[in-house]
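What follows is one chain in structure tokens, specifically the form predicted on its own.
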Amino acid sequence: MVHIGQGELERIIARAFGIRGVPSGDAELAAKVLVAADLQGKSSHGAELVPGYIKRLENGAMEPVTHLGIVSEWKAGLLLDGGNGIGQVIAARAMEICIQRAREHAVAVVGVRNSNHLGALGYYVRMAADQDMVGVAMSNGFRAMAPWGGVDPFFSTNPLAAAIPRSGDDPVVIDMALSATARAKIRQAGGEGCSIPEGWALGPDGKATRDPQEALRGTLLPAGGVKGYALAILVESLCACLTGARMSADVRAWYEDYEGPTELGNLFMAVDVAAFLPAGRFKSRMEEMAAGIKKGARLDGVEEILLPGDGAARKTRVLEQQGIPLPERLWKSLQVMAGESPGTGR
């Protein structure tokens, strides 16, 4: 492993996008979103994704210039066509629109079709929390998870995220796949020659497996059993049925099918807390809730009760100082994609 500074990693990724026709501002934004995931320790959603994105650009399966088209519009939101552009750019722009509309109407919803893989959703919901709003984001994708009781994949991991502002601390950030794990983590385990935990996936024979390759040929399991399955239906309904995007069962696997666009769907929401309570009052109530949660009795061996997002925020502060750990082969590959001679990190 090598350790790369945040700024240097963002520069290399942005350059790799830029020399393939992505405008500089969009390239820098996509790089920032990806590196933010690495900073939180979510390496499966960070720089590791860049080679797949680059191949989609080179094969013409994803447009380098992101043009958002308005399909329909109303006071509190829009339905957008992402134009098969860069997923991170589409998502950030959609959330910006949500925030602007929520300022005027207390709440806003933006649906997107013809979108692309957009990485970790936590980045976009934090955009809203930073503006004293509750942010919500969700997406469908290619089929990877069977319905509860089934064996054949139908749903994507159908990620769902929300961020809630607090006073004096990082926001509460809920960012999760509705499968037992993200498919990217299984690919990462396979690349590192590691097994996966029991309960993550079934093999193509419908039996539980700890083999990443068998899991990739089979199906992920829903998080929380039937409850994760039910939430996956909610996400699919809002991201595909409501927006007119492809259902997950018909979406191309973005990292292995480079013959055309993915045409997946997203949904974003922002709620202005000031429309309900003064922002300071709301955030102080969040702190009251957080204090109540944290002061409760703990299980043996548990040093502290954490809120969603606490661990990622602490990891970020450490990695901002230490640098982001990357496999050396990935770092060298990124440099080559950026048109630079491979070197080592610190």
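We call the rigid core whatever largest set of C-alpha positions still superposes within 1.5 Å between the two forms. Residue numbers here begin at 1 and follow the sequence given. All values derive from a computational prediction rather than experimental measurement.
There is another form of the same protein, the form predicted in complex with another copy of the chain; it is not shown, and what comes next is about it.
A.B. asks: Specify the contacting stretch among 217-225, 116-124, 90-98, 252-260, defined as having any heavy atom within 4.5 Å of another copy of the chain in the predicted complex.
C.D. replies: Heavy-atom contact with the partner occurs in 217-225.
A.B. asks: Which residue, 129, 184, 180, 196, has a heavy atom that falls within 4.5 Å of another copy of the chain in the predicted complex?
C.D. replies: Looking at the other structure, the residue within range turns out to be 180.
A.B. asks: Residue-level contact is defined here as any heavy atom of the residue lying within 4.5 Å of another copy of the chain in the predicted complex; does residue 313 satisfy this criterion?
C.D. replies: Flag for residue 313 set to no.
A.B. asks: Does the 4.5 Å heavy atom contact test between residue 192 and another copy of the chain in the predicted complex come out positive?
C.D. replies: Contact check for residue 192: no, nothing within 4.5 Å of another copy of the chain in the predicted complex.
A.B. asks: Is there a non-hydrogen atom of residue 237 within 4.5 angstroms of a non-hydrogen atom of another copy of the chain in the predicted complex?
C.D. replies: Yes, contact at 4.5 Å.
A.B. asks: Quick one: is residue 320 in contact with another copy of the chain in the predicted complex, heavy atoms, 4.5 Å cut-off?
C.D. replies: Close contact is absent here: in the predicted complex, residue 320 is far from another copy of the chain, nothing within 4.5 Å, heavy atoms only.
A.B. asks: Mind listing which residues of 157-174 have a heavy atom within 4.5 Å of another copy of the chain in the predicted complex?
C.D. replies: Going through 157-174 in order - heavy atoms within 4.5 Å of another copy of the chain in the predicted complex - the hits are 160, 162, 164, 172, 174.
A.B. asks: Please determine whether the C-alpha atom of residue 198 is displaced by 2 Å or more between this form and the one not shown following superposition on the rigid core.
C.D. replies: Yes, shifts by 2 Å or more.
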